[in-house]
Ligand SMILES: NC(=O)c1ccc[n+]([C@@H]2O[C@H](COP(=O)([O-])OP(=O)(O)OC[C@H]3O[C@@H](n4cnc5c(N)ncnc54)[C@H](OP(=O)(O)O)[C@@H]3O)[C@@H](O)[C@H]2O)c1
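The chain below stands alone, shown as structure tokens; this is the form predicted on its own.
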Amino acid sequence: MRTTTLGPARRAISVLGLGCMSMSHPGRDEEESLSVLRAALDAGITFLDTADKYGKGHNERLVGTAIAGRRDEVTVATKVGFVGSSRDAKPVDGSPDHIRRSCDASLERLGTDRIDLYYLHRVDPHVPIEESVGAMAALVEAGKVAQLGLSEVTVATLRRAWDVHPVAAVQSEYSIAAREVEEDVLPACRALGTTFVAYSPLGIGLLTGRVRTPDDLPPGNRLPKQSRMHDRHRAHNLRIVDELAAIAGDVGCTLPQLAIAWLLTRDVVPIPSSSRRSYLEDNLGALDVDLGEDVLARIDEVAPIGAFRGERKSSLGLRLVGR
């Protein structure tokens, strides 16, 4: 497994991480999820991503079980801030009191004495970012947290946060199907030395090649809530997916492998969420895919910024992100 580094502290992590959220979706088998987590560790994945929101704490407990006895092999990232759904009047709480209490609860569920990377899951519009990050910085001082991160923020918010404490990582949706961060946030991260973590690198299932209708998706997947799968956009978007699949065929890899390998050329850390061993094994195959300049140019031609039609989140979800 190749490695990269995380933030200003230059902590070594695997170039490919594992998103754990889907393991707490309805109907998932916990033993299978634990098998995936342990197989990921055995394969050299050392960067695990969870949050106190996922499964109302279930996901952190699951990760804690998987890393028991192997804690020093792993960089654990978790998040704080979500207290409800996007439909609620106050779905986010970034107050210092909530952050302090939530950190202690996460440590207990994870079965550890430290969080390697602690993200603010979403910015609370009612709490200045300086107050939220200040509370998180105090956790670093206390030894409970090693580095800080932000999820779905604007460049302006990132810079305000940096004035309080170095930001080791910014996490946002990024894939061939969602390239908007290339316009502003990604360049800002590179200038600051902040690691960019790409969640939903497979377009929430769209770039797997297995999704033709909303009914093809498992419970808990949010893609059906996006306008990208609505009748007015679906045929256009699936044509792009088919063209990308043809490129993958020419390269000799699967479409998910192409999507992940493309991100690895962008100097970011993809964290595909795998709840099945077969999906994990396929994603790991991306590490052996070499994309030449000609292939990258073909992908840019087929799927430039804005090629996919429709919003990447529901209207309710969009009000909680920085763009």
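Heads up: residue numbers just count along the shown sequence, starting at 1. Owing to the predicted nature of the structure, the values given are computational and were not obtained by experimental measurement.
FYI, the form predicted together with the named molecule isn't displayed, but the following is about it.
Of these, 110, 117, 202, 167, which has a heavy atom no more than 4.5 Å from the named molecule in the predicted complex? Of the listed residues, the single hit is 202.
Determine which one of 39-47, 66-74, 290-298, 266-274 lies within 4.5 Å of the named molecule in the predicted complex, judging by heavy atom distances; exactly one does. After filtering at 4.5 Å, what remains is 266-274.
Indicate whether residue 15 is a 4.5 Å heavy atom neighbour of the named molecule in the predicted complex. Answer no; every heavy atom of residue 15 is more than 4.5 Å from the named molecule in the predicted complex.
Classify residue 208 as contacting or not contacting the named molecule in the predicted complex by the rule of any non-hydrogen atom within 4.5 angstroms, answering yes or no. Judged by the heavy-atom cut-off of 4.5 Å, residue 208 is in contact with the named molecule in the predicted complex.
Does the named molecule come within 4.5 Å of any heavy atom of residue 303 in the predicted complex? Flag for residue 303 set to no.
Would residue 256 count as a contact of the named molecule in the predicted complex, using a 4.5 angstroms cut-off between non-hydrogen atoms? Looking in the predicted complex, residue contacts with the named molecule include residue 256, since a heavy atom lies within 4.5 Å.
For a quick check, can you give me the residues of 129-155 that have a heavy atom within 4.5 Å of the named molecule in the predicted complex? If the 4.5 Å heavy-atom criterion is applied to the named molecule in the predicted complex, 129-155 yields only 151.
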